[in-house]
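Single chain ahead, written as structure tokens, the form predicted alone.
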Amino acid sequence: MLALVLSAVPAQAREAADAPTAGAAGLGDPYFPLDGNGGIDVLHYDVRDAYDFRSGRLSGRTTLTVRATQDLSRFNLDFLLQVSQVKVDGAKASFDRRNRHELRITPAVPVLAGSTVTVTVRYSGKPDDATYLGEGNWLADAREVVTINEPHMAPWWFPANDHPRDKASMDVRITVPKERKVISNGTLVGRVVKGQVATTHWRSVEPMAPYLAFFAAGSFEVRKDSADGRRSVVAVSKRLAPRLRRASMTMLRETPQLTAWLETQLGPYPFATTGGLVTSLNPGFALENQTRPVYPVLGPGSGRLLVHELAHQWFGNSVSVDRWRDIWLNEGFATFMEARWTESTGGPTADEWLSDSYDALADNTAFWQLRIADPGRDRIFDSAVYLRGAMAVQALRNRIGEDAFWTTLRTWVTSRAGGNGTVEDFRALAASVSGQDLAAFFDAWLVGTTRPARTAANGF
């Protein structure tokens, strides 16, 4: 019957149906529809950039190893700088831009589903002039640059499939004046000095979401350590006052010990290296760049901040959000691990913290109105996502008990390592592990717009 139906379809119509088509301009994230791109899966980035501190100009060449997930006549990359040339498998490809964020590439011949091609993009421009959705994310002055931000950063310095759903390994080579040092994710491969400039090469073998990739260039004090077979690289800007530099370095060098403590709670650390960097540029936040978080100035009381960003190596980096609305899975759990660390080091218990926070925020109506499971694009980093989100995690711990709780967390980060997850996925896992009906519990904490009642069913 199928053969008869097909034979009745005109040949031209069948050919049209089979013809390669353009990949979508986005992956369909409800909050950021143009983030990522349809029809492609990036396997590897080879980023080679040079940065001029005096002019603020960045120029470079990035080669992406891309697997087609459909027959492609055209595909997009997310990028904000001016492009001079694109090649696909060594052949020149045409390109255009319907808007500044979307680089549309038309290869000389279609790319067939399942095939792997290299895409090389040459570009230059001033990243500080670039904006996307009102974000101007370039952080630099005449002596230091650090490429950190969330949820977007990659398109300011390399063309990417910019969504956490598409992770890839990376090689990053940055060329700057030889008196500057360059720090990035992963492992240092080498540094080559040629005349007045030096090119530093870092490699990340574990797949990484594009926004977690970074480089910092400037005058840094760098310390390298090795504990339990794991390498740690930490760096502090030499532009900081000596007292601040010493304090920041002292805290950063606790990174291996804090990583080891997190392993006792969550299971094996998901990456080969760890570390961190303190910048003098005062970004106003810390960010969990994969293997090497970036911080503002640190002091003796910064342990909780380090724990938060290091916990993200499990919650957010190894297991990433499937959609940006799932941000609770990153921030709620990293904030909970702060409370757990305080509990483990002789401070108030996480349950005491939950109770105290619940009482202190009793009259904060706006805090309780935010739907944690879907906070909206403009509120993904609202304080309630962090605090109420962490309170929900501790309440879950109370509700299902220690064994089921820690089994749930460890199963989550192990079973989805290197992948993604949704809030719905986590809810289903917690219910499965505990054997409890948790629908009303999660609705009260993550969906409801009022303060959850202080009941045993809600984890009190």
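For every residue, the number given is its place in the sequence shown, counted from 1. This structure is a prediction, so every number in the text was calculated from the model and none was measured.
Omitted from view is the form predicted together with a small molecule, to which the following refers.
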Revision key, fill the gap. Heavy atom within 4.5 Å of the small molecule in the model of the complex, from candidates Glu150, Glu221, Asp166, Glu343, belongs to Glu150
Point to revise | Among the candidates Ala130, Ala140, Leu258, Ala286, the residue which, in the model of the complex, approaches the small molecule to within 4.5 Å (heavy atoms) | key: Ala286
**Study point:** Triplet Phe53, Glu144 and Arg180 all within 4.5 Å of the small molecule in the model of the complex via a heavy atom
**Key:** no
Practice item. Report whether the minimum heavy atom distance between Asp78 and the small molecule in the model of the complex is within 4.5 Å. Key: no
Exercise for review: Classify Trp368 as contacting or not contacting the small molecule in the model of the complex by the rule of any non-hydrogen atom within 4.5 angstroms, answering yes or no.
Suggested key: no
Check your understanding: Is Trp353 close enough to touch the small molecule in the model of the complex, meaning at least one heavy atom pair within 4.5 Å?
Key -> no
Point to revise | Proximity of Arg173 to the small molecule in the model of the complex, heavy atoms at 4.5 Å | key: no
Check your understanding: Okay, which stretch from 278 to 286, 113 to 121, 358 to 366, 213 to 221 lines the small molecule in the model of the complex, with non-hydrogen atoms inside 4.5 Å?
Key -> 278 to 286
